[in-house]
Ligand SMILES: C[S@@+](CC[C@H](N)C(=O)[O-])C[C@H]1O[C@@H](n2cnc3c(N)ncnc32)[C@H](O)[C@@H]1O
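Here you get one chain, nothing else, as structure tokens; it is the form predicted on its own.
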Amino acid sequence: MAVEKMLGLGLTAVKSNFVRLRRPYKLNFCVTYRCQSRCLTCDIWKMKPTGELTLDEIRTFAQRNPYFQWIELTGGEVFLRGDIVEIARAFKENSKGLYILTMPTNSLCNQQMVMEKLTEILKLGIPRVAITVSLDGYRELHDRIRGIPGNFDKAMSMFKSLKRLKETYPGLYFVFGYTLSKLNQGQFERTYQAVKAEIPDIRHSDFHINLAQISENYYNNQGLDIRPNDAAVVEELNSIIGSREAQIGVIPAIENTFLKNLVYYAKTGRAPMRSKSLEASLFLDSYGNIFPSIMWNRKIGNIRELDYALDSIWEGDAAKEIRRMIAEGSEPQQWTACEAYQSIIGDMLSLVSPSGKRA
């Protein structure tokens, strides 16, 4: 069954190279904007969310849109939702082709609670569950960027617990999520060595790298000066790419392509390929608002006003206008993993060469 779902996702992604998909296969869903972090790169934590989607509403949405093969639950901190297991269950029970569920964590929730809930999610039988443990620096630097003393040590403990859990659930996949910004520029290798002192068998490939970017409709960080120096960050990204251990498989290949394209983006400020927003994927926030992506502040509807079904908006005038803008290259320039992976596998002819330039 897991192989069938993996092949189903693969076939859908390949199909997106040649025709416009009739429905999205990936959902980026912010389940809550609540967050205990005090990050210097993101202002989500300053939000005081009220009126977020209830579990019953999420269940209705899952029932009326039963075709997702890839779901990313994000926040805020996803484990602040006491019903996170039931949210995952709702999508698992309705999207029969669901292959992968991904979630980030800041490691600040009670770790025993997180492990218990994650174990319940793994027992649902989703073939692959991926966790990203946020880490933005060595001990002092991470705690300063995140605004929480002791956060580094909690991230180390979380990663070790995930390693133990994987012994029972081989479908669990996890990495550190490292966001390069003006605040930690040039400090990746020192961070890696600090982690290695805690986790001796850690590899460079156990880190997923992102570049700090501005998003008004998600990070709420449009007033922050966080972009790293372009020339220096290109050098650091190339160093990170060169230090990564060789791996075989589709996911490592996509990740390596993402990183090489990230160099292109850092050099030029331009997305290296056309996005698949409102074709392969969409962003749904915790209030039910629908956006093309986490980086594009253009609301095109709310599921509460659409009887929780996406069909009408997917073929509506607003969606058509968004796709026209994407085709013309007039969408906001972005390159984040939330949106980039489906661009990579759905736009194979536009992959960049190893030099970081368009092929």
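Keep in mind that what you see is a predicted model, and the values were worked out from it rather than measured. Residue numbers here begin at 1 and follow the sequence given.
Keep in mind that the form predicted in complex with the named molecule is not shown, yet the notes after this line are about it.
S.K.: Would the named molecule be touched by all three of Gly76, Leu211 and Ile226 in the predicted complex, meaning a heavy atom each within 4.5 Å?
M.R.: The answer is yes: all three residues contact the partner (heavy atom, 4.5 Å cut-off).
S.K.: Given that the named molecule is not shown alongside this chain, does Pro104 nevertheless sit within 4.5 Å of it in the predicted complex, heavy atom to heavy atom?
M.R.: Looking in the predicted complex, residue contacts with the named molecule include Pro104, since a heavy atom lies within 4.5 Å.
S.K.: Residue-level question: is Tyr219 within 4.5 Å of the named molecule in the predicted complex, judged on heavy atoms?
M.R.: Flag for Tyr219 set to yes.
S.K.: Please run the contact check for Asn65 against the named molecule in the predicted complex: heavy atoms, 4.5 angstroms, yes or no?
M.R.: No - in the predicted complex, heavy atoms of Asn65 and the named molecule never come within 4.5 Å of each other.
S.K.: How about Lys276 - does it come within 4.5 Å of the named molecule in the predicted complex, if we only consider non-hydrogen atoms?
M.R.: Although the named molecule is absent here, Lys276 would stay clear of it in the predicted complex, with no heavy atoms inside 4.5 Å.
S.K.: Quick one: of Ser95, Asn261, Ser134, Asn184, which gets a non-hydrogen atom within 4.5 angstroms of the named molecule in the predicted complex?
M.R.: Filtering the options by heavy-atom distance leaves Ser134.
S.K.: So the named molecule isn't shown here. In the predicted complex, which residue out of Gln69, Thr41, Ser293, Gln334 has a non-hydrogen atom within 4.5 Å of it?
M.R.: In short, Thr41.
S.K.: Pick the stretch from 264-272, 211-219, 158-166, 114-122 whose residues have a heavy atom within 4.5 Å of the named molecule in the predicted complex.
M.R.: It is the stretch 211-219.
S.K.: Going by heavy atoms, what in 139-157 lies within 4.5 angstroms of the named molecule in the predicted complex?
M.R.: Just Arg146.
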